[in-house]
Every structure is written in C-alpha cells, then in structure tokens.
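We begin with a single chain expressed as structure tokens, specifically the form predicted on its own.
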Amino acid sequence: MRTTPANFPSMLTRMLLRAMALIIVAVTLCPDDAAALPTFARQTGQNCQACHAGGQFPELTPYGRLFKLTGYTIGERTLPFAGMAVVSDSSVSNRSKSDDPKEDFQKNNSLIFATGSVFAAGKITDNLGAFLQVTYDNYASQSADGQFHGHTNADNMDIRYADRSIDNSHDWIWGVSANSNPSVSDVWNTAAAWMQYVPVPSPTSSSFIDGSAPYPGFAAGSNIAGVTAYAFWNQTLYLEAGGYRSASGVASFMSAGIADADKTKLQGTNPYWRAALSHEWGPNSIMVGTSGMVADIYDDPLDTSDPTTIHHFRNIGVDSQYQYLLDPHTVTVQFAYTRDNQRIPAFLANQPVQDANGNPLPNTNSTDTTNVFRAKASYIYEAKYGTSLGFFNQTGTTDSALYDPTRVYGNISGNPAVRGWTSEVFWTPVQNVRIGLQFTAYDKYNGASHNYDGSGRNASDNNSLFFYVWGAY
C-alpha cells in the first residue's frame, strides 16, 4: 500500500517555497512583541501562551480554562474585536482515477485564501461576557461557469453569565451559557466543537485532509440554539446540562447566513450533558470526562409538519486529556470516542436498493450505529516549534443506504469505516501566526482499503498534504 504521494518531493518543495515567502511577510509585519494582540490577550494583558498550551490556539491551559469558565470576564474591558484568517494549500496523492479531476480536486496544489473570521468577544460586565464569531468562506459556492463565490455566516457563539465563590474549603464556579453549538461551551480540547482546530477549506482538494477526516461529534451539528448551566467544584468536578432547539425567533442570529435548506431543524428541546473530573499537580493536569446528546432532527429542514420524518439520534462519548506545561516544554495527549445510535424514519427504512449492475442489495436499515475514535499527542518547544501525531478510526453498521458507485467519493460496500493517521509539524514565528504542514494517510476509506468506489480507487490514493498559515489579531 502506498503511504506517500508519488510526487511527494515536488509537492513538498512547492509548499516549502510558498511557506518561505509567507514567513518573510509574517515576520516582517508582525513584531515579536505583538503590539496588536487578539481581544482576550488585550483584555487580560497576557500573551497568547498564558491561555493557549504552547501558544497553540485554541487549546486551553488551566488559566485559559478558568478565563472561559468565569465568562471571559478576567481583566479590563477593551476593544472587543479581533479577526483571523487562513491561507492554505492542499494536495491529494492520486488524481488519475477521476472523470473530472478539476471538479473532484478543486484548487489542488494551489495556494488560496481559504477562510476568515471576525470576532466580538470579551468582558461586558463583571459577570457577563461573550465569544461571537462570524466566518467568511471564500469558496462557499460555485456557479455553472466554474466561478467560486464567497459567503458569510454565523459561526460559533457563546454568551455567558458566570460567578465564582471561594472560601476556606470550597471553590465554586458556576454559570449559564447561551450558545450555538453543543460543546462549544466546553473548556477541554477533546470536546466535539474544539478537537478539530484548523479551519477546513471548502474546495474539494481539501476533502481528505485531517480536518475533513472523521471526528467525534453530535448529530445536531452547529448553528442551532441552546442554553446550558454549568458548575465547576474545587477545580475538580465539572457538570453541565441543558437543551437545544432550532435557531429561530430571538435566537435566529445564531444561524444567520445559513440557507434554510442547510439548517438543522430540531423537534422540541434536545438534551445535552457533560461531566468531567479534572486534577492539577505541579505542571501537570489531567481530565477524564463524558458527554452526550439526544437529538430529534427533521429529514427535510424545509418541511417540519410531519413528525414521522424525524431521525432520532443518541450520541454518547468519553474523552480524556493530559497536559504538561513547564517552559520550554508543552506536552498534550488527547483521546475522544463517540458512539452514535440512529433510528431512521420509517419511510426511509427497509427500502430496496440495487447496485450499479441492477443486482439487489439488502434493504436499508431501520437503525444504524457509528463509532468514532480520535487520539493525538503533541509536543511544543519554547512555544514556537511543534509536532503532533494523530490517529482516527470510524466504524459502524453496514447499510445499503450508503451505497454509492460515484467515482472518488463513492462507497460500494455500504460501510462507513475510515481509518488513518495524521502527522504534523508547525512553527509559531510570532505569537499571532502559526505555520503548519500536515500529512494525512489512509489505510481504509468508505469501508475498504482497495477499490472502495468500484472504479479502482484505493484508500491510500486519498493521502493528502496540507500546508496552512493561520493568523489571529
């Protein structure tokens, strides 16, 4: 099985030459004292690595977790606006097994401005703070003539009221969060909303990079609206619970810019919960936790009149994180696992399916189960030089509803299995800019290692090299 692209040296050379040019620009424009800090850094007067492990945003340190749990209110009110942008280059190993490489691998091996976000974030009162993100996707849609068009929409949002009570024997932090994404309120990077940290470009050349590979998550997705209450006792026991509904009425701003046909429409209030045990000693910290959500989602977001069209999901996960933070070293080890059980509406269950040759396949399932496991270990030296190694594995029930003989993105096994590794090196020349290079290798894709699409494409053909420059100001 080939694990590296045949043209890997030339791909890597082109990416490194582009990286050198961008590094020169970044270092020239961004002095080491970083006078223009992101909004939270300006508010607290701290540098980025005080809140982010090794400066690797968005992964939080114990201080960063405390800042978020207390409602983004530590420090003094300041200009509450910030922004970030990602420039990237994706390259897929094998593009020969495609009827239309230009469409199947859009912008392959092209340096692009992938995405950007603006934030309104920080302290509002002594007990009230917010994190509001609006994101621009430069490749959100494509017209018939092949031209790409950008689009802006609401992204992660978290508005919270928090308080803290400390005496000789107790330390209570408690609060309420109104947010748009289950687990966006979480403070550990093993949470579904945060474990995938590099924004993923929309062009199809990025379909197989690490950020597009399976991650533990909740079926409800984001751009919905929920309220959760949480408490953190003696910096040891964390509990959070609440419910989510469709983002409508007064909460409609949490799905602003999302087309109605793309919104998640939930029936009623859908419960979410989180529990974690955390312990710190010296430069070490460890967390073990669990989370879950039950979601009833309409099959057609444009028609919520028929309750028999609802998909019923039950997601339950476990996760853990270990950190060692002592200059000049930063070590983080994470894992997360989620099991998703889905009950399929009757009108989609037990339906006959034929393969491309007209041969009958088993009827579609009435229930499905999907399991996703993620693990990653990272090391950062002097908050500048970093490396990481990650593993992902998705398994689940075989269902003829997944059968798709389409080249490149098809699945002839009906099984959702995906498995692979991602290695990364990254450099933070100044605290507001990270430059990274990832290589993602697959040994299973859409249920098979070989000929998964029925047209001869192998999992290793999707191996991808991904270069990015990520800046936040």
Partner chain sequence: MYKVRVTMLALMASLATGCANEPRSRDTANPNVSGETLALQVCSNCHGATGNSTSPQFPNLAAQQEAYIVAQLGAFKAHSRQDPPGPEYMWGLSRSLTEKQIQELASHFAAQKPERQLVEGRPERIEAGKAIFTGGIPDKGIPPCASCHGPEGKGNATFPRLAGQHVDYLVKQLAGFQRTNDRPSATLMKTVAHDLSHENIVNVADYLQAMPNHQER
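Keep in mind that what you see is a predicted model, and the values were worked out from it rather than measured. Numbering follows the first chain given and starts at 1.
The form predicted in complex with its partner chain exists for this protein as well; it is not shown, and the discussion that follows is about that form.
J.: Where, among 257-265, 308-316, 68-76, 111-119, do residues come within 4.5 Å of its partner chain in the predicted complex by heavy atom distance?
T.: Contact criterion met by 68-76 only.
J.: Within a 4.5 Å heavy atom cut-off, is residue 43 in contact with its partner chain in the predicted complex?
T.: Answer yes; at least one heavy atom of residue 43 falls within 4.5 Å of its partner chain in the predicted complex.
J.: Can you tell me whether residue 163 touches its partner chain? I mean in the predicted complex, with a 4.5 angstroms heavy atom cut-off.
T.: Yes, residue 163 sits close enough to its partner chain in the predicted complex that at least one of its heavy atoms falls within 4.5 Å.
J.: Closest heavy atom of residue 359 to its partner chain in the predicted complex, within 4.5 Å or not?
T.: No, residue 359 is distant from the partner.
J.: Within a 4.5 Å heavy atom cut-off, is residue 127 in contact with its partner chain in the predicted complex?
T.: Residue 127 belongs to the contact set for its partner chain.
J.: Have a look at 276, 178, 325, 87 for me and say which one sits with a heavy atom within 4.5 Å of its partner chain in the predicted complex.
T.: In short, 325.
J.: Select from the listed residues 301, 101, 283, 292 the one whose heavy atoms reach within 4.5 Å of its partner chain in the predicted complex.
T.: Looking at 301, 101, 283, 292 one by one, just 283 meets the 4.5 Å heavy-atom criterion.
J.: Can you confirm whether 151, 153 and 198, the three residues that make up this candidate site, all sit within 4.5 Å of its partner chain in the predicted complex, judged by heavy atoms?
T.: No, none of the three is in contact.
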